[in-house]
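Shown below, as structure tokens, is a lone chain in the form predicted on its own; questions about how it binds or moves come after it.
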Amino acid sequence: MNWRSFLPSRRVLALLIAVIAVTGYFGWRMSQNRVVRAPAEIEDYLFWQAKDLSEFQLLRAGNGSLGLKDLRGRWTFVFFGYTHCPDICPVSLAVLGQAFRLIDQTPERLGQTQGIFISVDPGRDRPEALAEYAAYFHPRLIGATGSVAELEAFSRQIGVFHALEKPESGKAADDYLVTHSATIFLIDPEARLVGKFSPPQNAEEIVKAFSKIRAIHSEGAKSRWTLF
């Protein structure tokens, strides 16, 4: 018996080599993209999957613009509201301002976080007034607004609903309330929507959760692992 009859044909051998190569490649990719699991105590603050935000355009004081580039490279807390809000907005912004003051106690975090207060009441909230209102709660809180279409486009990306209510009978046309979300949203340095802090908010809890979210993000970047 010819021993060569036991050897695989060139076609079979080529197929085996291809299978081994493909298996090795996907094995390598899997090793490079292991999932970093979030601790159970912060799962409620994270979305199941990070969402890449697309370009948007809002207006800030001094005819300045606010877009996607302004989110990259730092962590951003976003809150939707309006300056005439009687309760939810000042309370939530006060909590966020206190959270920033706690974050500022850790030197390496300075300059890496910012807050954006987006007014969904462009008819009454001008950029200059927004800047003053937001800065009252913390210097790194930015005020921004836009046209109705611009606000709707960005709020849809975040998943926020807002609507102007009709003035009560006998009140002036500009004396109205606005229905809006009371959630503080978190965007990572890659401009991805990653987390949320639902009401009632607590500054210490926000900072504690944020610290763990940052740690997971840093581990993923260093190890080339996916986070979400």
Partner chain sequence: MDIVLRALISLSLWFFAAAACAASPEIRVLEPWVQAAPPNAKVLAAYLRFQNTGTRPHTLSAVSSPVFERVELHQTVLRENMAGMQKVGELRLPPKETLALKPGGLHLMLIGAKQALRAGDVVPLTLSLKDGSTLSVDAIVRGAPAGADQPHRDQNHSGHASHAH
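Residue numbers count along the first chain shown, from 1. What you see is a predicted model; the values in this text were computed from it and never measured.
Below, we refer to the form predicted in complex with its partner chain, which is not included among the displayed structures.
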Margin query: Is Lys171 part of the interface with its partner chain in the predicted bound form - any heavy atom within 4.5 Å?
Written below: yes
Note to self: Is it the case that Arg156, even though its partner is missing from this view, gets within 4.5 Å of its partner chain in the predicted bound form, heavy atoms only?
What the structure shows: no
Check: Does at least one non-hydrogen atom of Val95 fall within 4.5 angstroms of its partner chain in the predicted bound form?
Finding: yes
Margin query: With the partner left out here, check for me: in the predicted bound form, does some heavy atom of Glu152 sit within 4.5 Å of its partner chain?
Written below: no
Item checked: Interface residue in the predicted bound form among Leu66, Ala182, Ala50, Ala191, criterion: non-hydrogen atom within 4.5 angstroms of its partner chain -> Ala182
Notebook entry, point to check: Are Ile103, Lys208 and Ile216 jointly within 4.5 Å of its partner chain in the predicted bound form, each by at least one heavy atom?
Noted result: no
Check: Only one of 39-47, 195-203, 66-74, 52-60 gets a heavy atom within 4.5 Å of its partner chain in the predicted bound form; which is it?
Finding: 195-203
Notebook entry, point to check: in the predicted bound form, which residues of 139-161 put a heavy atom within 4.5 Å of its partner chain?
Noted result: Phe161
